[in-house]
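This text opens with one protein chain seen in two forms, each one given by itself as structure tokens under the names structure 1 and structure 2.
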Structure 1
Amino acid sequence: MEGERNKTSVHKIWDLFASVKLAIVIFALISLTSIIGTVLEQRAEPAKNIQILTKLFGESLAPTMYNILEKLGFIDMYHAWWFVALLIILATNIIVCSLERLPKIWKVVKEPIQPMREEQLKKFAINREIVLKGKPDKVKDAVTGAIKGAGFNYTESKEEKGYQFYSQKGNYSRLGVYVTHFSILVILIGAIIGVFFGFNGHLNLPEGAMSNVAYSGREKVIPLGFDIRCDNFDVEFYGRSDMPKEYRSYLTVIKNGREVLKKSIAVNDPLTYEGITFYQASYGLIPENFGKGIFIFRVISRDGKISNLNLRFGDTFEILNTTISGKIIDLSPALKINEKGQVFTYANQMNNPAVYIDFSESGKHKYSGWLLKRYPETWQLPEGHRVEFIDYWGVEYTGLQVRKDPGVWVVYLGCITMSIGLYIAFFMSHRRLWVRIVEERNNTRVVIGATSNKNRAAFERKINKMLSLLSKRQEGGR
């Protein structure tokens, strides 16, 4: 009795995991939690998610909601034990469902097609009958030609008063759903590999700086195994607005003290090295570095003499073949002039960088003014000389999203397999065809029976076409 109870319990558990209802519930839970995990920034600073929750629940409830969600694991959801458990339950459900149903389907797939009695053929959902002039031996070629025209290679069986031809195609298409099941398991395996053996971090890298680590969340430091350096960062705006059109980072990978890779990256154009991918995510000004950067100028004298200069705040430079010199007096990351002609800084980003230069000749003050990086008309001096403001380097950082996902190729393989499985499941069908020709009063009665596990209407059209072809051949042979 005890053994019987244990067997019953095992059967109940098996039936639970073989249930399609369980799959629907698990899919719904994974989808719902994934939505929450998408809204909340995973492994981010608390302030970022509190800001999101403030918009959803208000300022008073946001901290409380954050604490609850953090304890439930939603701030690092894809590493939470319950989320991994949901994936394992889903995988188990798929495996058990497949094992439960596959033997029956496999039997149908491998079962060879056999001749059928006429009364059996007439019971099929697709059945047709036509009478042709002549005895079976005379119309046999026309019938077999029509069968081949329908795309079937047939087996022939001699009967007492005629022949029977039978064929099947697409019997392995019944396995399409199991190919799809397998692909889901492959995708889940790839996702779990990515969760446990990969990482998703960030790195704010100043111009000219180098780092051999990235950061995940507030505390976790992730060694990269190499150095990444930001050589330069540049933003292109739409016209003269402050809306960024493109921001691009110029990166160098250094391995064992040697530069091994250089690439400029932009949004949707990342750099990948040793399985680690750097995506362009954000940028910003480094307040403590502002005033310590390097001004990059191209100075062109009236007679065409060019000098390329790298200067710091307070430095002095001369225009070649002249006694005119300039001194850097002031700078602004985002300069604006109001209606009264007053100059002010309107943002803490390098939206409209400007430098104020005082020019003198032979030691005597000559004139001064602002040179704006985005306004080349401000670079021209009264005597025809030109001071081009190329860049103010070393005061911005590039915000990089750093990701390693060793399971991504497994996921890609799963997606390709799923595409194949879905194509088989939805666009291919298991079709079986029997055609029996029997002599009847010096004529031949043709009886057709057929089955299709899906898209029966299309198969019926093909059989109707086959009958139409037979009728035309009969008429043409008269």
Structure 2
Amino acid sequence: MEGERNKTSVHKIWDLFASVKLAIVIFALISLTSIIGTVLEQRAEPAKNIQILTKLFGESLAPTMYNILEKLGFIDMYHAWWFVALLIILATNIIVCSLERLPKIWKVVKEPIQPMREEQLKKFAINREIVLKGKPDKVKDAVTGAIKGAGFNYTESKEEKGYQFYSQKGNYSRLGVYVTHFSILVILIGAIIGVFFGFNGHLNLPEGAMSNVAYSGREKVIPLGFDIRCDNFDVEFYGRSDMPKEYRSYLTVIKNGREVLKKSIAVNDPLTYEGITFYQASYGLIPENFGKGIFIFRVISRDGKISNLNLRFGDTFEILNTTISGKIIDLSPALKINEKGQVFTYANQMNNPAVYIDFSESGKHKYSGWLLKRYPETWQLPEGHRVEFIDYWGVEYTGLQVRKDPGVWVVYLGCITMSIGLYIAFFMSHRRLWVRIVEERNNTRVVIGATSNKNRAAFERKINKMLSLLSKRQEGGR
């Protein structure tokens, strides 16, 4: 008694999870709740979302709404227990549905095709009948040739007054739906692996600095197992505009005191070492370092003598074989010159670093001016010497996204499986074809029956083409 009642309730739950209706309800629930998640800014400060809610519900209701939504987990909804539960129910639904239907479908897939009686053939959605001249033994080759021409490998069976040829193609295409469903599970497994065995962190690394940890969330420290150093960071712009063309960080990986990997990374081109990947995510100026950077100059005298210089603010340098010397007395991260010839700093990022140099000859002041990193024409001195402003180094940091996700390959595998599954499910079909030829008054009657589980019209066209070829060939052969 007890056992039976248990069994029925288990059955009920099983049936619930085996229904397509549950899938539809879950689709709707995930979609509707996700909409709320896109309107509210996820994991944001309360003030931000209260502002959004004020827009929608008015000032008096907003705080109450916020409290309710926060209690329900909508502020971080994609990680809320109920959203995860929805995903688990979806996964269970997929598994149970497949277990429920797969055996039947598998039977259809594996079932060998059998010859049919003529009445049965005439009941098929696609059925045709034509009469060919000559006895079945004479037209047999033409008919089988046509079947082969349509791409079917047939089985032949001798019948009382003729033959029957039958064939099926793409029976495995019925499994496409299950391949697709299975791939969703694979992707979810990959995502779970990522959550449990991976991390997602960030690291702001100043030029010249080194770190053996990354940070996640509110300063949770993640050890990397090696050191990563930023040798340089650079922004390239389009022409003379301030539109960025490329952000590039020159990184070095150091393991046990040895440099093991050097790579420059850019957006869309990360660096991976020991399963940890570094992505170019952001950058910025370090205000407290701003005056303490190193000016990298290449000074070329008029007679071609080159000297590479690393200087600091206030330093003096000499141009080789001359008595001319320069002193760095001012700098700007982004200098612009307006129509009146006045200079001003227009951005607090290093969009166009500039350095102001006082030049003197034999200790006597000669002239002074701005050298701009992005404007080579400002590097030329009146005497023919050239002071190339290569870089102002050590004042910027590169913002790296640091990630380890051993599940990502499982996710990709799931994606590939899904593509294959969808292709099979939507673009392939299970086609069955029976052709019966019977002798009738010294001629041959050809009866065709065919089915396709998808895209019947295309199959029908193929069969019509087959038939017209067949009758044409006979006319031609006579």
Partner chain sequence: MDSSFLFGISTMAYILAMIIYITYLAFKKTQIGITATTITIVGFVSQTLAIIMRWKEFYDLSQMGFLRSAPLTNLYESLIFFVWCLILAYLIVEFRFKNRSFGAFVTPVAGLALAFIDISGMTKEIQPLVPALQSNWLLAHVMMSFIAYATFALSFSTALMYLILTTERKNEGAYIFWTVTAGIFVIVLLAMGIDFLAFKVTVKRPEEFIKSFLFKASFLNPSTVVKMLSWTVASAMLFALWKYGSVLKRVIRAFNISDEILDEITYKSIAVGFPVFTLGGLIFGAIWADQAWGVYWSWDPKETWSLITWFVYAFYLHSRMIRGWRGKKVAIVAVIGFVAVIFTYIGVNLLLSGLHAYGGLE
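Between two forms, the rigid core is the largest collection of C-alphas that superpose within 1.5 Å. Counting starts at 1 and follows the sequence of structure 1. The shown structure was predicted, so the numbers you read here are calculated from the model rather than taken from an experiment.
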property	result
Index of the chain form predicted in complex with the partner chain, chosen from the pair	2
Core-aligned C-alpha movement of Phe317 between the two structures reaching 2 Å	yes
Post core alignment: Ile448 C-alpha displaced by 2 Å or more between the two structures	no
Displaced residue check between the two structures: His385, CA, 2 Å or over, core reference	yes
Rigid-core-superposed Cα shift at Met65 between the two structures, Å	7.9
Shift in Å of the C-alpha at Asp242 between the two structures after core superposition	3.5
